[in-house]
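Before any questions on binding or motion, here is one chain by itself as C-alpha cells, the form predicted alone.
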Amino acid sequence: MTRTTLLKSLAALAVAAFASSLSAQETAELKCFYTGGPAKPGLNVEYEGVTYGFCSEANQKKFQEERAASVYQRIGGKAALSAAVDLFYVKVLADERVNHFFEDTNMKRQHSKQKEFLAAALGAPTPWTGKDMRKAHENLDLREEDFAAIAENLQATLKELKLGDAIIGEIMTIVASTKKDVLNQ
C-alpha cells in the first residue's frame, strides 16, 4: 500500500467515524414527541423538515396517524397554510370594515404569527407559543361585526383556494371556538 493510499484510507475512516458519531449524537439528543423521554434509535419521522423522535413504535404510529388526520395536513400542510394566510391578508387589508385594525401592524410579523397560530390550531405538531387570544386582542375594542368580517374573509379565502365545504366547515368551527377570547367576552 502506498503512503498516499494509506493516507486516503485513514482520512476516509476518520470521516466515517465522525459522521457515525454525529448520527449517534443526533439520535441520542432526540426526545420522544409525546413523553419527552429519550427517543429510541431509528424511531423517528421527518415531517416538514423537522425530525421527531419517539420512545416506542406505538407513539411513532400515533404521530403519523395524527398528522394524516389533521386538518393542517389535509389542506396541504405548511405550504398551503402559508398561501392561505397570505391571500387572507390581501382580503383583510382591502376590507374597509376591518383594515384599520392593521394600520400600525408589522404585517410581515403578523403573517408569521398567524401562520404559527393556525398551524397549531389545525393540528401541526408545533405548539403555539405566542400570546393567548385574550391578551393579543385586549386593546383592540373588537366587536361581533369585526369578528364576523374577519371570518367572512377567511371563508372567502378558503373557497377561493377551492377547499371542500366539509373542510372549510371544520376550519370555521375551529376559528369560531376562539371568538369569546378574541372579543374578550
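Here the structure is a predicted model, which means the values were calculated and not measured. Quick note: we count residues from 1 along the sequence shown, nothing fancier.
The form predicted in complex with ligand HEM exists for this protein as well; it is not shown, and the discussion that follows is about that form.
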Next on the checklist: The chain here is shown without ligand HEM. Which stretch in 112-120, 52-60, 65-73, 36-44 comes within 4.5 angstroms of it in the model of the complex, by heavy atom distance?
Outcome noted: 112-120
Checklist outcome for this item: Picking from Met133, Leu158, Cys32, Ala124, the single residue whose non-hydrogen atoms come within 4.5 angstroms of ligand HEM in the model of the complex is Met133
Next on the checklist: Taking ligand HEM in the model of the complex, would Ala80, Leu87 and Ile167 all count as contacting it (heavy atom within 4.5 Å)?
Outcome noted: no
Next on the checklist: Leu163 versus ligand HEM, in the model of the complex: is there a non-hydrogen atom within 4.5 Å?
Outcome noted: no
Item to check | Contact test in the model of the complex: Asn184 vs ligand HEM, heavy atoms, 4.5 Å | outcome: no
Next on the checklist: Using a 4.5 angstroms cut-off on non-hydrogen atoms, would Ile171 count as touching ligand HEM in the model of the complex?
Outcome noted: no
Item to check | Stretch 137-165 - residues with a heavy atom within 4.5 Å of ligand HEM in the model of the complex | outcome: His137, Leu140, Leu142, Asp146, Phe147, Ile150
